[in-house]
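Quick setup: one chain, the form predicted on its own, written in structure tokens, and binding and motion questions come after.
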């Protein structure tokens, strides 16, 4: 159920059946324009469509102008809390502002922000989180999804009355079940683009798993127009996980990828090490090749025939396949070197 309305964020269209937009957020000092812009560009290079930066005060707002200059046309979002003057100050330099109903209140503040949004054509995301609901919207756990949507609905009505049209909504909780229920309810209640994700998801490992469960379930139902995988760690990893979720659901074109069998006692080489080495080699490339790393002869030859390239463990070491045919037999190291050399030559494995 993609949103019926759309929102323009720089050169991007959110909602209305447009491709799912992947976003992440920098973790640099927001007052350091050089470091923040450099990380934002690195995120874009990794596949991020839209980058958000924290803008906690007016000093950071001043730095945002330089960040904007360095980023060119990369869609930029400012995350603003508590001080509406910051939102007004950054509106000319960003494509979207994220505000939280629980951290920014007051009619005068809302009117000032709305005017800045209209004057500069800046979109707005109204995002409610379980940890920062505004006064009067607190709720016991079983009512949390509805109260999150109620808080957003209150602000949507206010900004629409103030003449703002490019609106995006989001409702997030740390609970996976509450987040699922809240996002499903938001998809029913709002016709604005919906940003989805699990807030404070966790570390790179547990957060990626929890986020994949939530985002996979919602996106498979057609819920959501833009996503973020929120991890405690390097934001580049957020983009990698998000890309893989979208590709797994057919929502983003396939890229070079590694298929690897689960390790077991039959393996005739260290599948995990070889697969990790191949994945690292593919990480800097762009393409749609499939590389299989198989530990033994049970499923190995069959998978190798379907892959563009493959390494299969054998009694005597390993075999390197290209285009479904064995082109080298030797040690695992020799097969790995041959595969990486084939990647480097840039010629597709299947003619």
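Computed from a predicted model, the values in this text were never measured in an experiment. Residue numbers count along the first chain shown, from 1.
Unshown form predicted in complex with another copy of the chain; subsequent notes refer to it.
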property: Output flag, 129, 240 and 298 jointly within 4.5 Å of another copy of the chain in the predicted complex, heavy atom basis; result: yes
property: Any non-hydrogen atom of residue 56 within 4.5 angstroms of another copy of the chain in the predicted complex; result: yes
property: 4.5 Å heavy atom contact, residue 281 and another copy of the chain in the predicted complex; result: no
property: Another copy of the chain contact at residue 325 in the predicted complex, heavy atom, 4.5 Å; result: no
property: Residue 47, heavy atom within 4.5 angstroms of another copy of the chain in the predicted complex; result: no
property: Contacting member of 88, 180, 269, 156, with respect to another copy of the chain in the predicted complex [4.5 Å, heavy atom]; result: 180
property: Proximity to another copy of the chain in the predicted complex, single hit among 162, 143, 109, 232 (heavy atom within 4.5 Å); result: 232
property: Partner-proximal stretch of 109-117, 269-277, 187-195, 67-75 relative to another copy of the chain in the predicted complex, 4.5 angstroms, heavy atom; result: 269-277
property: Residues of stretch 244-269 in contact with another copy of the chain in the predicted complex (4.5 Å, non-hydrogen atom); result: 244, 245, 247, 248, 249, 250, 257, 258, 259, 260, 261, 262, 263, 264, 265, 266
